[in-house]
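Below, in structure tokens: the form predicted alone, a single chain.
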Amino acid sequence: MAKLHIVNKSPFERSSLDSCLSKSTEGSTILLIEDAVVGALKGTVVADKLTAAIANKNVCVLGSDLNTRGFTEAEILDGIKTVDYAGFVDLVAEHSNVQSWL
């Protein structure tokens, strides 16, 4: 069964997102929250890695964290789904295995 991977650290300060991308399997869901949401932005050094992940993984970003940091949905990579808090709860409920990357 596919895991839910939650990443909360900026990919520009920590290697959590890289570790998550290398360990997560096809069909997994990756949720970017808190400072990790900046990794979802177009034109960053991690954009290619996330674009590749979108091919076989579900990648989501918490919209309120994106907005809190001054970004909009228009600035994130195509294929990344924006979820609200209810969507976050739904993702946790849908996955029996949740991994947080610190």
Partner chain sequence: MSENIKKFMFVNTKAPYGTVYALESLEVVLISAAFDQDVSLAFCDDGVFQITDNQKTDGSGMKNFSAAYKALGDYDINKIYIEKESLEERGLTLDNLMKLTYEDEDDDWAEKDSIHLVTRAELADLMDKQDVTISS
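Every value quoted in this text rests on a predicted model; they were computed, and no experiment measured them. Residue numbers count along the first chain shown, from 1.
Unshown form predicted in complex with its partner chain; subsequent notes refer to it.
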4.5 angstroms heavy atom contact with its partner chain in the predicted complex for residue 56: no
Partner proximity in the predicted complex: residue 77 to its partner chain, non-hydrogen atom cutoff 4.5 Å: no
In the predicted complex, residue 16 touching its partner chain (heavy atom, 4.5 Å): no
Close approach of residue 41 to its partner chain in the predicted complex, 4.5 Å, heavy atom: yes
Stretch 49 to 67: residues contacting its partner chain in the predicted complex, 4.5 Å heavy atom cut-off: 64, 65, 67
